[in-house]
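Next up is one chain by itself, shown in structure tokens, the form predicted alone.
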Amino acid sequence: MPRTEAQNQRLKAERRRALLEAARRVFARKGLAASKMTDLAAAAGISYGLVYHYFPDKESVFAALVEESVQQGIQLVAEARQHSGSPWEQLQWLCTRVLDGVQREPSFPLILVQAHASESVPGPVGQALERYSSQFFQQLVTLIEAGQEEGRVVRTPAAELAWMWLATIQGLALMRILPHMNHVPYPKTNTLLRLFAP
């Protein structure tokens, strides 16, 4: 019995999602320049030709992944700001969510690191990164400043604390993909929060 149009669309969406998830891991480890469409196809377990059914080139795949990571980061900080409780409790919630996410899937923040470090970033990727920098970073700074106003966060410039926090998250993501570091205990929320403690 042939598939319905709805079934075809669902299958197409599932394959596209599987391709993006596999590609994220490839790009996180190899970067944009060193990755090939054949690498993406092999990681996703699909034929080389089928990749082109979803994306015209590897830059388009990379751009989609950066956009996805950017949107998730912005949404996460916005959710933290709307979370019930004090600014310190919102920071705690954010740290817990981010640590859990990095432990589960370290390639999300590493895609952004690769995008920042790559000299061959396509225009749409650069635009997505600009949005990320202006929205995510400012929301994080605002949350830190709110914590400072209530006296729970150290009186260091909030932008410096935000940079330190981001660098720590990116470093943790890198450590998660290194096989020889698997034995090292993964930090808990309270450890990360010490960056902000007075």
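Predicted model, so just to flag it, every value in this text is computed and none were measured. Residues carry their position along the shown sequence, with the first being 1.
Heads up, the form predicted together with the DNA isn't pictured, but that's what we're talking about next.
- Flag R15 as yes or no: does it have a non-hydrogen atom within 4.5 angstroms of any non-hydrogen atom of the DNA in the predicted bound form? Taking the distances in the predicted bound form, the answer for R15 is yes, it comes within 4.5 Å of the DNA.
- Please check if V141 has a heavy atom lying within 4.5 Å of any heavy atom of the DNA in the predicted bound form. The answer is no: V141 has no heavy atom within 4.5 Å of the DNA.
- Distance check, W163 to the DNA in the predicted bound form, heavy atom within 4.5 Å: Contact with the DNA, no.
- Item | Residue contact check: M37 to the DNA in the predicted bound form, 4.5 Å heavy atom | Output for M37 is yes: heavy atoms within 4.5 Å of the DNA.
- Out of 57-65, 168-176, 154-162, 141-149, where are the residues with a heavy atom within 4.5 Å of the DNA in the predicted bound form? That would be 57-65.
- If you look in the predicted bound form, which residues in 44-62 sit within 4.5 Å of the DNA (heavy atoms)? Result: I46, S47, Y48, G49, L50, Y52, H53, Y54, P56, D57, K58.
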